[in-house]
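We begin with a single chain expressed as structure tokens, specifically the form predicted on its own.
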Amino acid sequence: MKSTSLRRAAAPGALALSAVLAVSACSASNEEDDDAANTASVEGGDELSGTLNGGGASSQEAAMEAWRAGFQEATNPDVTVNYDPVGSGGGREQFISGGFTFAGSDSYLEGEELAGAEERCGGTVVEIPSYISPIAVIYNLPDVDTLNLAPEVVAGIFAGEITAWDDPAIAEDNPDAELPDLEINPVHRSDESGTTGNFTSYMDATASDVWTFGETEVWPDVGGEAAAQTSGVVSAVEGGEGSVGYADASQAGELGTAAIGVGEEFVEYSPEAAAAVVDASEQVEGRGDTGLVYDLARDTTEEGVYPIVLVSYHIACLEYEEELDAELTRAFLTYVISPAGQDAAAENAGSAPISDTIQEQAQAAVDQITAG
């Protein structure tokens, strides 16, 4: 096999943008914010004023910083957007219960959750893709600069079947690496997580004979170290030599990241390689023009495609009871999916902008958000 290097450079504006946002971050559970959201009003025609509370996928956290800065600081100084990165499962749960006006989720709604969201919304739910990002397999091996992992090896590590870094299955694809005689410590999410759902979906699609637990947002009982949210997984891997985990690539920091076997090559993550798998995927049928959700082609062998990808969605109601909720949600989501919003996320989080076609479809859905 050959190795293809597609590693992205660090975003030059990320530190400055994060500094701007330090003064504006606040909790979506703050009672004063809830009161403000209930009493604020739309003032001055197109000038918005009020508080919009959302939460969910922690993978969106870096992008959300950029979106909030661009939306609040530049064009809507009288609007406060709160986002609580409680994880995809928590975001969907609180959206369904009415705790959040919108949610971020690394998985689209299905089954009972979709029915619950439709009940909360009094009808149709809006789901639009807003964030495309690779999930990096992160590792802590100070003397190993590059690491190639085939799909069955990734599955074997996280299923607990490959337990040492010098295992022949790893060594075979890394002939030039000084692999240590060291126990592997696989780290997984302890909370219900869309990142976990996407990661296990990849293993299920590419190595189901090794990873026999299917696609799940709740990690099965297969051992390893558990850590809460993306930041917890990254911290756990950073804290223990020999550790390996999975996390949104924007949060990988200085950790090593593995190139993943695809067909006859190994592909490192990049926004471009992540976006390529979406282009190779199909939209889920039967969801209407406000449900833009995709079944990803995890098992692709197409050259230059990085297959461990999450497509993160924003979830909202098509119709809200309060005019202010509809106004703020419509305005904020319009910014998120706009070229300016997608560029801001790409700079701060290293995500891949949605395509022009998806942007047009998503905007048509967002434009329908109204109040009853």
Partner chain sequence: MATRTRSEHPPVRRGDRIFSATALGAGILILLILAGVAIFLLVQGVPGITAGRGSLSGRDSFWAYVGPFAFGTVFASIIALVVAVPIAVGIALFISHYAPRRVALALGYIVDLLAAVPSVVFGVWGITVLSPALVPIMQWLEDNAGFLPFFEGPTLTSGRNMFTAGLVLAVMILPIITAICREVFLQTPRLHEEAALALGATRWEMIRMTVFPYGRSGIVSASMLGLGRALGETLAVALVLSGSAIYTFNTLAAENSGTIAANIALQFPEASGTAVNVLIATGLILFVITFAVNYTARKIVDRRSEFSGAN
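Residue numbers count along the first chain shown, from 1. Predicted model, so just to flag it, every value in this text is computed and none were measured.
What follows is about the form predicted together with its partner chain, which we do not show.
Scanning 78, 215, 241, 166 against its partner chain in the model of the complex with a 4.5 Å heavy atom cut-off leaves one residue, 241. When you look in the model of the complex, the only residue of 258, 96, 109, 236 with a non-hydrogen atom within 4.5 Å of its partner chain is 236. Proximity of 58, 88 and 192 to its partner chain in the model of the complex is complete: all three residues have a non-hydrogen atom within 4.5 angstroms. The candidate stretches are 219 to 227, 128 to 136, 289 to 297, 171 to 179, and the one lying within 4.5 Å of its partner chain in the model of the complex by heavy atoms is 219 to 227. In the model of the complex, its partner chain sits within 4.5 Å of a heavy atom belonging to residue 185. Applying a 4.5 Å heavy atom cutoff to its partner chain in the model of the complex picks out no residue from 293 to 327.
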